[in-house]
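Heads up, the chain shows up twice below as structure tokens, two forms, tagged structure 1 and structure 2.
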Structure 1
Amino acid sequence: MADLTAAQPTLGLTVHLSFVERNQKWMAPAVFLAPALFMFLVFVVNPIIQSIAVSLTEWDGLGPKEFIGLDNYRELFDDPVFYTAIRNNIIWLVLFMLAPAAGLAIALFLNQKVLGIRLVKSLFFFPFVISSVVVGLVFAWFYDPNFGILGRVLEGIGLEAIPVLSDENWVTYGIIVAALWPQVAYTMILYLTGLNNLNPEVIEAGRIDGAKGWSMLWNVILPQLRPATFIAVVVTVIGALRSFDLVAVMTAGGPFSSSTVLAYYMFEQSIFNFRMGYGAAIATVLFVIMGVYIAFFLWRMLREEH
């Protein structure tokens, strides 16, 4: 038979192994991974390829596409708003790195068995479960110079209220503070999960060796939290680079495009200005930036592991 191997003597008997039996070690994982791989190719890889293809055309989203080569990219690199968006994304990226550190600090504080700690955990968890639109509206009210809490506090200490969302110098930082609220809650959840899975024997060995306080945290706790730290940093980086919803809700990129970011600028050009090709070019640049950063971070993590 074509699908049978050569006879294999076992206790004087002839045993024939089928193709499936001979290859079941790799076929079983492949069968389970195939649906996910198919979905990834269709809904992730395919849109990326299509977006790159659209970026080489002039298209309003309705009529026929006109191939223009790299003209969208040439225009993009001469666009001052594009550089404003990149600068804002860099600011987002730098300040968003506060989220893992703050999340770790809060998780360490909440990882104790005291009366009422579950209620306190739920209060810290609350920002993560509410909609980003709600977060944006709450902070827009908070920043309002006429009746917002921030203005009242500043006036109470003798300072003038700051119109955060209408000031080109403050608006990006105001939105980032609003975005950090739920992001810190998310990283806190990751670290709480990691703290619950710590190896108590390693901690006890550290105590026997005299580790305590900062020494215990740096040499015993943090090495065991490396998987949680990896996820927290990657998710935070992706969140900073694809920031969109709070910008759209709170300022719509204003005033005068001073708070726009790459994701919102892509949306604005594609939907409002009917320039799908130009928007796809912005999306391609954002994808390259995100891919390079994450690849560099993965390379560093793997090198440290080795």
Structure 2
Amino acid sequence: MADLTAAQPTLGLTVHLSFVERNQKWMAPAVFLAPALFMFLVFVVNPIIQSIAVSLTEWDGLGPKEFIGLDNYRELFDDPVFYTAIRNNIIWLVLFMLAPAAGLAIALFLNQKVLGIRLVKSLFFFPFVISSVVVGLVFAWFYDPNFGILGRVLEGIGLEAIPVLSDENWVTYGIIVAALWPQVAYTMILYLTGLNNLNPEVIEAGRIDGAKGWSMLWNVILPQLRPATFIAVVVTVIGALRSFDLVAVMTAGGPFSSSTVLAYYMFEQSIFNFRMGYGAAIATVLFVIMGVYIAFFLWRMLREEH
């Protein structure tokens, strides 16, 4: 900038600084942050406040809003489907943690220099490129008890076909398996890039010290992959909590709401049952759960940085 030279103290004289120059330290970040902050306030914070406000009303989305205080929450905590949804969300969260582990295993397997490995890697990555709606449809056909491959294979080995998507005990697991397929590919890619950035000197040093096999992986490779693990776990947790699309496509929460998750139950109540207030109450609960997780996560991250 042109004033930069003027701002330099020449010949040991104090130079008079303009208002902008005196306050540059806090103004520059403020100015640069302003657009993002503005957008954040309007499009993130504002809807959160609005939806909390809606959760205190009874509203069908068309007519007038009626303030009913905490009645929606009272009803929610007495609603068996709400607990089914929370339980399913927890199952999602736990089983989704298989994705980083499986992703790491596949990444280690694919991280070798063989002819055509690039092609193989891209094939493994393929599920992540497919739209989740297509993944859902393909798995729904796969699970079809009369015409799907799964049923045929089970019958082939003398077992009975399982109607995965219409059996309340299997359905959530069936959907999670479908969701894991692209999620594993995603974490695999994260680990593959991580493996590319390993420091060969550290590995060499480890080798001299006699590390190989599991001890090499556990003590030398994994610590270096920590950034990748970190990202993989974060995207997986978020992926599990926001699970919605596959539930909507594969079962619509059914049979009789046994595969619903909080996000889908919110959608169902607001859009199909026209209870915006009740839906907003569910959204608020989901928001609190995510908030707790994110706070915990930030707290750990800050602690490690210090």
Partner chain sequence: MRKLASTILLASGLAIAGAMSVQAGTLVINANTSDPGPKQAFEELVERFEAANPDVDVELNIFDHEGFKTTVRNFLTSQQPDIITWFAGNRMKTFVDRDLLEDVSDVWQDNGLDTTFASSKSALTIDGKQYGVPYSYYQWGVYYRQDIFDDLGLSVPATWDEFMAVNATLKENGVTPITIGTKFLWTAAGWFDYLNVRINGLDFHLDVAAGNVPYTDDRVRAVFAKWQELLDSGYFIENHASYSWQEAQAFMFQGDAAMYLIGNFFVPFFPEDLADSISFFPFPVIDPSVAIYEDAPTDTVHIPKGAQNKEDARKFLAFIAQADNQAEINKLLGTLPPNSEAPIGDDRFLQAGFELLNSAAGTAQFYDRDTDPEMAKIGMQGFQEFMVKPDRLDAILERLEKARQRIYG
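Heads up, when I say rigid core I mean the largest set of C-alphas that superpose within 1.5 Å between the two forms. All values reported here derive from a predicted model rather than from experimental measurement. Quick note, the numbers are simply positions in structure 1, starting from 1.
inquiry  = Tell me which of the two structures is the form predicted alone, please.
reply    = Between the two, the form predicted alone is shown as structure 1, not structure 2.
ask   = Hey, does L37 budge by 2 Å or more at the Cα between structure 1 and structure 2 once the core is superposed?
value = Yes: L37 shifts by at least 2 Å between structure 1 and structure 2.
ask   = Core aligned, does the CA of I271 move at least 2 Å between structure 1 and structure 2?
value = Comparing the forms between structure 1 and structure 2, which are aligned on their rigid core, I271 does not shift its C-alpha by 2 Å or more.
query = What is the Cα shift of A28 between structure 1 and structure 2 once the core is superposed, in angstrom?
reply = Its C-alpha shift, to one decimal, is 5.0 Å.
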